[in-house]
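Just one chain follows, in the form predicted on its own, and it is written as structure tokens.
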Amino acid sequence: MSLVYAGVCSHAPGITGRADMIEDTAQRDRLYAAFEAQRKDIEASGAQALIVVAAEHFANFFMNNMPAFCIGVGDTHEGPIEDPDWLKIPKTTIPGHKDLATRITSHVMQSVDVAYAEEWKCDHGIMVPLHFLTPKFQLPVIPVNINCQGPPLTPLPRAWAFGKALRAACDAMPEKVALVGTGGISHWPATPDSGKINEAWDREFLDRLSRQDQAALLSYTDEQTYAEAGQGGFEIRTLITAAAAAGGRGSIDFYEPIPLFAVGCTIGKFALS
């Protein structure tokens, strides 16, 4: 049928794992309400499967084998790989869609080199969005990871091309497909600066993203991003991929810096063109 929904969201583990520690419960509730609105938008789209474009956090790959892109093509997936008591998400089996994922992968391969995996372990990068967007795991999930972790990182123009290839693949399928790109913007995970957020940098990036300013989005260098947005800022690749897949202008439905969650929390969606 086609791509019927494209959006972005944050996936920081603190969103679920530290939710009960936050003092500003109204801020947490606003974020959760934005996730719920996104869930309803996906449901209303009639999507029969959900592609989640996330960042590889060494859950499935390490520096001995780090693909630029990988698509999960299994019947099921496992998650979370982290301690469920820490993440506050119980371990479960996530339904996949082997046939659809394989067809999408084959189509993407016509223009972008991509790896695939029949076995997939989901970490917080996928589990946190799923916790909100398909809480009963009734929607088949196709996990996708981009190398945002181990240099040399996937180049931003290739992330854009990957998004275009995913869109073409989805549009060639008879099923209705939703896609969400999930990552942090500025954040410094697992460092002494954890909790630091560069709000001005975030808002500038989100403005470029919502305007579909391809030239500006692809102008970031890894050196600049690291200096201004931390190593977590490398995850802009997942959001850029979602924007490229959508083609239309976006709207940011929620953005607030939440230091306890260690990231500027974001929910947004795009028009499809």
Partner chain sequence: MSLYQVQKFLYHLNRDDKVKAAYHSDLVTLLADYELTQEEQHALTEGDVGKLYVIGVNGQILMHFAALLGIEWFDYLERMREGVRQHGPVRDGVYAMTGGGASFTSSSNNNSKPTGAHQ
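Being a predicted model, the structure only gives us computed values, none of them experimental. Positions refer to the first chain, counted from 1.
Although not depicted, the form predicted in complex with its partner chain is the subject of the following passage.
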### Query
Do all of F35, A161 and R208 end up near its partner chain in the predicted complex, with near meaning a heavy atom within 4.5 Å?
no
### Task
Taking 4.5 Å between heavy atoms as the contact cutoff, choose which of T92, S106, S194, T76 touches its partner chain in the predicted complex.
S194
### Message
With the partner left out here, check for me: in the predicted complex, does some heavy atom of G96 sit within 4.5 Å of its partner chain?
### Response
no
### Close approach of F61 to its partner chain in the predicted complex, 4.5 Å, heavy atom
yes
### Message
My question is simply whether H57 lines the interface with its partner chain in the predicted complex - judged by any non-hydrogen atom within 4.5 Å.
### Response
yes
### Query
Heavy atom to heavy atom, is R203 within 4.5 Å of its partner chain in the predicted complex?
no
### Query
Pick from 163-171, 132-140, 109-117, 82-90: which stretch has non-hydrogen atoms within 4.5 Å of its partner chain in the predicted complex?
82-90
### Query
Can you name the residues of 133-147 that have a non-hydrogen atom within 4.5 angstroms of its partner chain in the predicted complex?
none
